[in-house]
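Quick heads-up: it's one chain on its own, the form predicted on its own, in structure tokens.
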Amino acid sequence: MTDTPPTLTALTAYLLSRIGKTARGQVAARLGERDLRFWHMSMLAALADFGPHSQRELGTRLGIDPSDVVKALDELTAAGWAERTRDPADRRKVRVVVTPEGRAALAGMVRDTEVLQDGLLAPLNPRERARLHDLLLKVFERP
């Protein structure tokens, strides 16, 4: 029997969890085709949206373990998508910036994710999609 118990489908937390797991799995699989992980996309997005960061700030902003930040940044810099430089204000700090190639790579990742998102949200019309996004953002941004 494959029907989900109504007791579970009555719980918004359950629905969010299941849909989130599906979405994350699809995006992870697409990124994996390029030998990438979510943290690569997350770091490029943070650098593109907020500008240069120290490695520590980047990890804190994204909730990524410092050792994983170093590994991911090694991969991003090897690909030419990010650069590490000394912070001119404090030479002890390493500053990370996104390169033009990194911005282009991020744009491709975002386009791929939007295609997957369109498939996942196919049952909703554009107005419903916008409303769902607004509601999820409201919950996400709650202090």
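When you see a residue number, it is the position in the sequence shown, counting from 1. Just so it is clear, the model here is predicted, and its values are computed rather than measured.
As for the form predicted in complex with a further copy of the same chain, it is not shown, yet the points below apply to it.
Undergrad: Tell me which stretch of 29-37, 92-100, 107-115, 71-79 has a heavy atom within 4.5 angstroms of a further copy of the same chain in the predicted bound form.
TA: Of the stretches listed, the one contacting the partner is 107-115.
Undergrad: Asp49 versus a further copy of the same chain, in the predicted bound form: is there a non-hydrogen atom within 4.5 Å?
TA: So Asp49 counts as contacting a further copy of the same chain.
Undergrad: Within 4.5 Å, heavy atoms only: does Arg84 come near a further copy of the same chain in the predicted bound form?
TA: No - in the predicted bound form, heavy atoms of Arg84 and a further copy of the same chain never come within 4.5 Å of each other.
Undergrad: Please determine whether Pro126 contacts a further copy of the same chain in the predicted bound form, using a 4.5 Å cut-off between heavy atoms.
TA: No.
Undergrad: Out of 109-140, which residues reach within 4.5 Å of a further copy of the same chain in the predicted bound form, heavy atoms considered?
TA: Result: Val110, Thr113, Glu114, Gln117, Gly119, Leu120, Leu121, Pro123, Leu124, Glu128, Arg131, Leu132, His133, Leu135, Leu136, Leu137, Lys138, Val139, Phe140.
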